[in-house]
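First, one chain by itself in C-alpha cells, the form predicted on its own.
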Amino acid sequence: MLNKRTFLIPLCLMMAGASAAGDYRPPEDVLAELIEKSGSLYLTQSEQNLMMMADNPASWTVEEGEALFHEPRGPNNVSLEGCDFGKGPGVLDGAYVEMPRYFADTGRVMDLETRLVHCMTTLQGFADDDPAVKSRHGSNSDMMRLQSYIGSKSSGYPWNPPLDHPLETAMRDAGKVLFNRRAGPMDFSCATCHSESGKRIRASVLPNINSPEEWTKAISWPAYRVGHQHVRSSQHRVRGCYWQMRQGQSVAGSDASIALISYWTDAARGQPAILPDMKR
C-alpha cells in the first residue's frame, strides 16, 4: 500500500512558503495542510486524487471561465466585470467564501449560481431560457466554467458568510432545519450520513459536519468529480444528496437550496476553501 503522505508537501516546507491568512493558496497546498492537521480518513481516502490534485482537470474549466468572465457577451454586449458578487463590481478575490449573502439590489440572499444568473440576465441581457443561463451542470456549460473561475479566486480564503442582515441569519437557521429534517421513504436527513466520522456509503468515507477539516473539503465546490468526469457545483451536490435520500427533488436557485448552502457554509466558518477541489 502506498503511503498517502508521499504525495503531499511536507508541512514545514509548505508553511514556510504559505501566504498569509485570507490570501490565495493553491488547492493542493490547502488540502495538504488539512491532512497534516487532522489525519482524517475522509481527506486521505483516494491516493489517486491526491496525486492528481496539482493537475486537476478543473483547471481547464477555470481558464475557460476566466475568458468568459471578461468577454463582452449577450444582447447587451458587456462582460461580467460589472457584476457585484458582494465586494464591489468585478471584485472576485475572496468573494465566493462570503456567499450566500444578502444583496440589496434583489432583496434576496443569493448563492453564487443565483447571483450569476441575475447578472447574466440583467447586466448582459441573456434570456432565462438561453443555453448560456439554462445549462448549468456540466463542465462544458458556461455556468460551470464561470462558477469554477470565480470560485478559484477564493482558494485558501476562510469561509466567512455574513450574518449581518436578518435574512442571512434566517436562511442559515432554515438550512439547519433542512439539514436535520428526516423525510422520504428512507427516513433520511443530511445529518444521517454527515454527523459522525468514519461513516461510509460502500467504499466512500463520508465527511462529518462536526469535523471542520473534513467539512471544508465536503463543501468545496466547484469540484471535479472523477466518477462523473465533470466539474460540479454546490447546487448540483444539493440535488444529488436529495436524490440519494429519495426525497423530493431540489430546485436550483430556490430559497430552500440556498438555505441549505448557507447552513453548510456557516458550519465550515474559518476553515480554508479548497477551490477547485477534486472528488470521487
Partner chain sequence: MKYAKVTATAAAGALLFVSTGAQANGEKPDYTAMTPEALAEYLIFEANGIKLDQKTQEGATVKERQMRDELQTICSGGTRATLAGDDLAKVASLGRAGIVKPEGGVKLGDWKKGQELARSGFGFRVGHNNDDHSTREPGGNCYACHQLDPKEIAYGTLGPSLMNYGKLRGNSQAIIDYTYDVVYSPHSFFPCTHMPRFGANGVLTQQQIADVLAYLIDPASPVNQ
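Computed from a predicted structure; not experimentally measured. Positions refer to the first chain, counted from 1.
Heads up, the form predicted in complex with the partner chain isn't pictured, but that's what we're talking about next.
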### Message
Contact with the partner chain in the model of the complex for Asn140, defined as at least one heavy atom pair within 4.5 Å: yes or no?
### Response
no
### Query
Would His230 show up as a contact with the partner chain in the model of the complex if we use heavy atoms at 4.5 Å?
no
### Query
Do Asp255 and the partner chain share at least one heavy atom pair within 4.5 Å in the model of the complex?
yes
### Task
Look up in the model of the complex whether Trp243 has a non-hydrogen atom within 4.5 angstroms of the partner chain, and give yes or no.
yes
### Query
in the model of the complex, which of the listed residues (Ser135, Asn180, Thr122, Asn77) lies with a heavy atom within 4.5 Å of the partner chain?
Asn180
## Note on the structure
For the partner chain in the model of the complex, the stretch among 189 to 197, 86 to 94, 142 to 150, 68 to 76 with residues bearing a heavy atom within 4.5 Å is 189 to 197
### Task
Using heavy atoms only and a 4.5 Å cut-off, decide whether all three of Leu112, Ser211 and Ala218 touch the partner chain in the model of the complex.
no
### Query
Using a 4.5 Å cut-off on heavy atoms, what residues in 234 to 253 are near the partner chain in the model of the complex?
Arg239, Tyr242, Trp243, Gln244, Arg246, Gln247, Gly248, Gln249, Ser250, Val251
